[in-house]
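This document opens with one chain alone, in structure tokens, the form predicted on its own.
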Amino acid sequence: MSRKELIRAYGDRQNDGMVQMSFVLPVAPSARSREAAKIFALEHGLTDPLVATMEACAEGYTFFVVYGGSKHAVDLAAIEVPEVTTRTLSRDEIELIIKNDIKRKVVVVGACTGADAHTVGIDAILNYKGYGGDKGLESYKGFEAFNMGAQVENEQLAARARAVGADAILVSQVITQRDCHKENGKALVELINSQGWRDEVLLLFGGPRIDHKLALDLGFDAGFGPGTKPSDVASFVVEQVRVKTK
């Protein structure tokens, strides 16, 4: 039997379980609304709640931050989460792998599929400017990147990727109402499988509500969530393409 590794929130000292919660109540700021916020926090299990912030955010609405104790702990040893384990390489390392091991340009095609019109994610990974000071795949000498933009149908994406001999397809999904991101992603995987070339291409799934486990469940090779930088994606792609090249 594995040993438990219980952890609690850290506030003023180790394992004191102190947390804060924020919320808006449809009341104007007052002593009565402050008390309502305390009771609201108590109902959620916080002990000795302290209203640290009470600010009007609109007429008849108040924003609260409440600080208090939580009795809950998490067993870290019991948590198993699939993660992308590829080490993030430097730009020079990536370029050397492409030059010495792959010996050709790595081709990547990306798009926001279905009705999704939010290109901020795919642009951050593919476009030259990149994200967080990390330049996109277009900036690498060893990559040939095609950004198809937004509202691209799966059939269009698959056709373009096949036409240019893509090593990897990047799908970005920001809109998630009614799990449309899952439906779009799964449909792309099924389409490429039905066309008989799934083994020839890497499929990467990204977005604010995407993680590696979800991507694997849908049939992708990897999932990248919030905070992903172009070098993270570039490192994964070149390592996988290098394996296929051997």
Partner chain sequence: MDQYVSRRLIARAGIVINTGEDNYLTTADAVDKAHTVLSSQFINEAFAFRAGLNEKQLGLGHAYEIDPWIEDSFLLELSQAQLVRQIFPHHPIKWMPPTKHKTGDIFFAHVHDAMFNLVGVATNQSIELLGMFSEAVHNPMLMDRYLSLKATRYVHTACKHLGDEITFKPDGRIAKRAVQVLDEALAQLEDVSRDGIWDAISNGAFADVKRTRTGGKGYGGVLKKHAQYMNPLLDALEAQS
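Computed from a predicted model, the values in this text were never measured in an experiment. Residue numbers count along the first chain shown, from 1. Here, rigid core means the biggest group of C-alpha atoms that superpose within 1.5 Å across both forms.
Not pictured, yet referred to below: the form predicted in complex with the partner chain.
K.L.:
Do heavy atoms from each of F40, D211 and G225 fall within 4.5 Å of the partner chain in the model of the complex?
P.N.:
Spot residues vs the partner chain: no contact at all.
K.L.:
When the partner chain is placed as it is in the model of the complex, which of 157 to 165, 131 to 139, 104 to 112, 68 to 76 ends up with heavy atoms within 4.5 Å of it?
P.N.:
Of the options, only 131 to 139 has residues within 4.5 Å of the partner.
K.L.:
Just to confirm, with a 4.5 Å cut-off on non-hydrogen atoms, which of E55, D179, D48, E200 contacts the partner chain in the model of the complex?
P.N.:
By the 4.5 Å criterion, the partner-contacting residue is E55.
K.L.:
Flag Y10 as yes or no: does it have a non-hydrogen atom within 4.5 angstroms of any non-hydrogen atom of the partner chain in the model of the complex?
P.N.:
No, no contact at 4.5 Å.
K.L.:
Is V66 among the residues whose Cα moves by 2 Å or more between the shown form and the other one after superposition of the rigid core?
P.N.:
Moves: yes, 2 Å or greater.
K.L.:
Superposing on the rigid core, I want to see if G196 changes position between the shown form and the other one - specifically a Cα shift of 2 Å or more.
P.N.:
Superposed on the core, G196 moves its C-alpha less than 2 Å between the shown form and the other one.
K.L.:
C-alpha of M54: shift of 2 angstroms or more between the shown form and the other one, rigid core aligned?
P.N.:
Moves: yes, 2 Å or greater.
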